[in-house]
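Only one chain is given next, in structure tokens, and it is the form predicted alone.
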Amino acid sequence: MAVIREKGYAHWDGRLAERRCRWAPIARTGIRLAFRKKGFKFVFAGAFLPSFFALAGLYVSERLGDFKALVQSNRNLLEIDPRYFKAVFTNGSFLFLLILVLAYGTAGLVSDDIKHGSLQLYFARPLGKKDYAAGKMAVVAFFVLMAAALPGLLLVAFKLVFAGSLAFLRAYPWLPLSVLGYAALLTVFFGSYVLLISASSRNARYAAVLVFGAYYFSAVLAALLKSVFGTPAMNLFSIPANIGQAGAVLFGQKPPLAVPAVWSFAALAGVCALAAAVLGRKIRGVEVIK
């Protein structure tokens, strides 16, 4: 005998399962969308050029007899030590390529959501502001770590392989930590910097121009202020100068600026704090009742 049930609301007796990494789908989607952009793969591949040339320098340094002419004119460049790693990852070429990758691939992380009203859809699910920010930060972190941390550690490994001994690591056992520390600094700063600018505009293209332009305008502004006031403290307005100063400290080298290195760390932290404040105002979540 068939049982006829009255049509109505059926209560669900299950238990809502919490995920620890609720931000992971946001990160995966952001990375996937970046690689779908036309020409982005070539831009991303270009970020590895400084590391590729640095690897060639490592090989030459272990085969000095085969490259006598090159060694005689570039002997100082082929002295492999923490200064070599600092020169590779804090020079203008590497940072230029990294900024290009971030401007092209991640400038629209927040601006696109604001433009299309997607924030309400994010927070209609069991997501909080921290989950949203962590997912977007993870996208930037992926590209920064791939361009800085991974090549840096591989350069250390290849140095040991080319030398055929652990003498280099015994001489500088802290160098891998320096590479990771510097990569972490770049990750936190550029993650905050990109999200700050992305959240300040509804136009992804405009945000991309700002990510690239504000970085280099800060250097021009610092040079202008230094010429007016005649004090090296004006260099603190330059993002590239502060990154170079912080990188020198993390790689155990003499800071290039005539100001305490802690001031450069403070300047970078200030940008991160500003980004957190702006994101807190721009990202307005909807409370989810479970």
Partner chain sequence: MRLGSAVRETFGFFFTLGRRTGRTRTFALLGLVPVAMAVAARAILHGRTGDLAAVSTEILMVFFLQFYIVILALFHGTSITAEEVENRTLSYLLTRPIPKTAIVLGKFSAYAALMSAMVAVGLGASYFVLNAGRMGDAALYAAFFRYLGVLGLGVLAYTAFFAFLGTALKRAIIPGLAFGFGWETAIQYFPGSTQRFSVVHYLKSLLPYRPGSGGGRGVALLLFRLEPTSPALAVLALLAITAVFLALACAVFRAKEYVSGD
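Numbering follows the first chain given and starts at 1. Since this is a predicted model, take the numbers as computed values, not measurements.
One more form of this protein, predicted in complex with the partner chain, exists but is not displayed; see below.
Engineer: Are any of the heavy atoms in residue 225 no more than 4.5 Å from a heavy atom of the partner chain in the model of the complex?
Structural biologist: Judged by the heavy-atom cut-off of 4.5 Å, residue 225 is in contact with the partner chain in the model of the complex.
Engineer: Give a yes/no on whether residue 52 approaches the partner chain to within 4.5 Å in the model of the complex, heavy atoms considered.
Structural biologist: Residue 52 lies outside the contact set for the partner chain.
Engineer: In the model of the complex, is there a heavy atom of the partner chain that lies within 4.5 Å of any heavy atom of residue 171, even though the partner is absent here?
Structural biologist: Although the partner chain is absent here, residue 171 would stay clear of it in the model of the complex, with no heavy atoms inside 4.5 Å.
Engineer: Residue 220 versus the partner chain, in the model of the complex: is there a non-hydrogen atom within 4.5 Å?
Structural biologist: Residue 220 belongs to the contact set for the partner chain.
Engineer: For the interface check, one of 227-235, 250-258, 22-30, 52-60 should have non-hydrogen atoms within 4.5 Å of the partner chain in the model of the complex; which one?
Structural biologist: Heavy-atom contact with the partner occurs in 227-235.
Engineer: Within 4.5 Å of the partner chain in the model of the complex, do we find a heavy atom from each of 43, 205 and 212?
Structural biologist: All of them do, each having a heavy atom within 4.5 Å of the partner.
Engineer: Using a 4.5 Å cut on heavy atoms, which of 96, 142, 122, 162 is close to the partner chain in the model of the complex?
Structural biologist: For this set of options, the contacting one is 96.
Engineer: Quick check on this chain: which one of 84, 193, 182, 104 has a heavy atom within 4.5 Å of the partner chain in the model of the complex?
Structural biologist: When the partner chain is considered in the model of the complex, the option within 4.5 Å is 104.
Engineer: Going through 125-151, which residues have a heavy atom within 4.5 Å of the partner chain in the model of the complex? Please give them in sequence order.
Structural biologist: If the 4.5 Å heavy-atom criterion is applied to the partner chain in the model of the complex, 125-151 yields nothing.
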